[in-house]
Every structure is written in structure tokens, then in C-alpha cells.
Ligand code: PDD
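One chain is shown next in C-alpha cells, namely the form predicted alone.
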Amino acid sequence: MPSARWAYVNGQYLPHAIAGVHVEDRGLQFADAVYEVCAINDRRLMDEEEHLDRLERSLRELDIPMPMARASLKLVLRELVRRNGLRDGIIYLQVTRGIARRDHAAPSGLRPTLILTARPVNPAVLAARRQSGVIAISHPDERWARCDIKSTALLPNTLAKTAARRQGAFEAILVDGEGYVTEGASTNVWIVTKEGEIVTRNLSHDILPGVTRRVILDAAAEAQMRITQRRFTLQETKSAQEIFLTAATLGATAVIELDGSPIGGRRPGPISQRIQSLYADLARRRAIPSA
């Protein structure tokens, strides 16, 4: 493992400790930026194509051009994995609109800023979390109306996540004004009803189209498992047989307690465990080694 971490900013590989952007970068000034987080598993970039698909969609929605061609970006991702000597970890990718004199109205023709960082993760810690399950609380969804765009404007998410951690929980499950669960502060939410129905929220502007969510739907279809996409209430969630969360860094991780009430006997259930196994298998089959 290299002794120093490396980052990438606008065409340069830089020591992580000194990498930075201009003080008037619009990502810094206005959160005028989007991001992706891609897991690295055994030197493989997991769900890479799906992450890049979503990156391009988010940029189109905000009228920000891709900072480079997809093929070139893939080369940069792999070089950053190599320079950081990562076997298991994550890559964080951020694209901002660029640098301009501070003004709410965005000028045209800016050159996007591309930022990449990488760090290791301990796969044993992630596996242990899936084995034991996690605790969650419910929290009002106070985010903007375009949650389908993976914007860096995450203040409501960070406040919800911080509230969860202060209460000894791992995640905050967000609830809209009508009492329906949208998603987690940094996850998609799934339930298994008492009747055995697997449910996740349908896609709309209200939730992020999770990459892990997308691959799980593919894996479930391959295994001939039926998943329903619809709204569900917090009350239905609390009475569910199982709850699990999905994200690039989690796979499928069970919630064993919500707002102090036990879920599934306070242990991960068979459906969430099978979903995790199916997801891990499909994601690995699709992944290409980075080196």
C-alpha cells in the first residue's frame, strides 16, 4: 500500500493532502456540482457503467458537460486505483460547473472541474455490518424537489444522518409530508411485507435512482424474484417482516431496529441476505479488473 494517498483534479494527479480547487469554483460556492461513489472490490470497479450512466444523466439535467469522454474517464479511474494501491475501497468522483466570479446566474461556456479521490475500506467491517444488521430512525424529508439528481447539495441529508448518529443509529429513513418513506439519508430503502412482498419506492423526482438498486432489480429478475415498486408508509415500514438498505458501500444491509422497535427479531432476514448474495454475484460478474 503506498504511504501517500493520491487525488486527481483537472488533469493532474496530486498528493491528496495538497489537492484543491479554486476559491470561486461553483461547486464550493453554490454546490453547483454532481458526484458518484464507486466501490472497489478486489481491484474491480463495481457497477462502473451504471455509475457513469447516472453521472451523465445528472450532468444533462443540470446542463453541465462531461469533463472528458467516458473512455478517458475510465482510464483515469483505473490509474487512481493503481496509484493508491487499492484492493478494496471507494472512489469519489465530483464534477462541478467550473470557475467563475461569484454570481447566482451561471455563465455559459465554463470548463467543468473534475475531482477524484480514493480511499481503502475494510471489507471485513462491511461484511460484519451486513451480518449483524443496523439501527435506523425516521426523519422528516426536507430536501429539494429534484432528489433524482445526484447533487452535492446534501445539507438536509447530512443533518438527518447526524441526527441518526447522535441517537446511536446508522441511518435516517426519510419520510415525506404525506407519511410515505422516500429513501435513506444516503441509501435506498426496501421492505419485505408480512405477505412476503418485496417493495421499494418507485422512481420519480422524489428519490435518487440508486445504482445498487438498479443492479439488484436486474439480479432479482434473473433469479425470477418479483419486486414491487410503489410508495409505502412509515407505518407499513415499521410493521414489515424485513427492512434493508442499499448503497454502493453497503450492498444490501438489513435494518434490525427502527425508532426503537425491533424488526425481524433484531437479526437480518432471509430475503435481505439472498438479495445481497444475488447482487454481489451479478455485480462481480459484470465488473472488469482495474489492473
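Residues carry their position along the shown sequence, with the first being 1. These numbers were taken from a predicted model, which means no experiment stands behind them.
If you look for the form predicted together with ligand PDD, you will not find it shown, but the lines that follow are about it.
Picking from 262-270, 59-67, 227-235, 244-252 the stretch near ligand PDD in the predicted complex, with a 4.5 Å limit on heavy atoms, gives 244-252.
Residue contact with ligand PDD in the predicted complex: residue 211 places a heavy atom within 4.5 Å of it. In the predicted complex, at least one heavy atom of residue 150 sits within 4.5 Å of a heavy atom of ligand PDD. When contacts are judged by a 4.5 Å heavy atom cut-off, residue 130 does not count as touching ligand PDD in the predicted complex. None of the heavy atoms of residue 200 is located within 4.5 Å of ligand PDD in the predicted complex.
Site annotation in the predicted complex: the residue of 138, 157, 117, 84 reaching within 4.5 Å of ligand PDD with a heavy atom is 157.
Taking 181, 95, 191, 185 one by one, only a single residue has any non-hydrogen atom within 4.5 Å of ligand PDD in the predicted complex, and it is 185. Using a 4.5 Å cut-off on any heavy atom, the residues of 29-52 that reach ligand PDD in the predicted complex are, in sequence order, 35, 37, 51.
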